[in-house]
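Here's a solo chain for you in structure tokens, the form predicted alone.
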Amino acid sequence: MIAQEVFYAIWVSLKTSGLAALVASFLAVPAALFLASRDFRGKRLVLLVNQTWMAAPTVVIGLLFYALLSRTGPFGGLGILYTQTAMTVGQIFLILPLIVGFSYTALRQVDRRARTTALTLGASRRQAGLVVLREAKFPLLVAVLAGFARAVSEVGIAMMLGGNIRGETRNITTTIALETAKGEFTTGVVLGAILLALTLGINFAVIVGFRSGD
């Protein structure tokens, strides 16, 4: 396997998973803040559904979105099946509950007096929410990075929604699956090592972030 294809597979993984983590974070963190700061009827059900969604196998989510994006599906007219866009969409919904769950836990650990004090001093609800987010910025960063790590290492969604097209949607995990099936175990091991190095780098960034925040 030529080096150019390897580098492109790495680029596809970083691009789709990075974008998925970014979009999912913009959706998940405000949702987690709302859940952490308010009590309402049905909250336990929402948390239960989110927790169940966190454990959903990637192939199930891939199958769901394949049905939605296929030609006979309700969103088939968009024509994005077997594209990087479809892979990103699937990964967003894969990691969204994970980031919500981790962010909710992080925000619940923030001293409630921080928000109360901000409101007492005349801050709006939005400003008080920003105070809470700043207090939990490093645990929230961990949640985002955990979401990215989950997205970049999954294979079911990438295979089903991307189609493993050479030079288009083939990423690290689908390349590993393909090369291993062909008997090219050396290439699979090399790409596996690259993926492990990537996740190790993420964990190192988290550790450095926590230490700098102490």
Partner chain sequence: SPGSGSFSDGDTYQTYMSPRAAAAERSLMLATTTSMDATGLLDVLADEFKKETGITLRWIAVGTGAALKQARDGNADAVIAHAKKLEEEFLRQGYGVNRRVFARNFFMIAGPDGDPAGVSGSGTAAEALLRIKSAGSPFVSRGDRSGTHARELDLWARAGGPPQGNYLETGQGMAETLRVAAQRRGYTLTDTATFFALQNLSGLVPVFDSGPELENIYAVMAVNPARVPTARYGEAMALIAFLTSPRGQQIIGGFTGRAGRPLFEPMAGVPGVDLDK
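Positions refer to the first chain, counted from 1. The model shown is predicted, which means the values in this text are computed figures rather than measured ones.
Missing here is the form predicted in complex with the partner chain; even so, the following discussion is about that form.
Peer 1: Is P30 one of the residues lying within 4.5 Å of the partner chain in the model of the complex, judged by heavy atom distances?
Peer 2: No, P30 stays farther than 4.5 Å from the partner chain in the model of the complex.
Peer 1: Flag Y82 as yes or no: does it have a non-hydrogen atom within 4.5 angstroms of any non-hydrogen atom of the partner chain in the model of the complex?
Peer 2: Heavy-atom contact with the partner chain at 4.5 Å: present for Y82.
Peer 1: I'd like to check something about Y66: if you look in the model of the complex, is any of its heavy atoms closer than or equal to 4.5 Å to a heavy atom of the partner chain?
Peer 2: Yes.
Peer 1: Given that the partner chain is not shown alongside this chain, does L178 nevertheless sit within 4.5 Å of it in the model of the complex, heavy atom to heavy atom?
Peer 2: Yes, L178 lies within 4.5 Å of the partner chain in the model of the complex.
Peer 1: With the partner left out here, which residues of 48 to 75 have a non-hydrogen atom within 4.5 Å of the partner chain in the model of the complex?
Peer 2: Contacting residues: Y66, S70, R71, T72.
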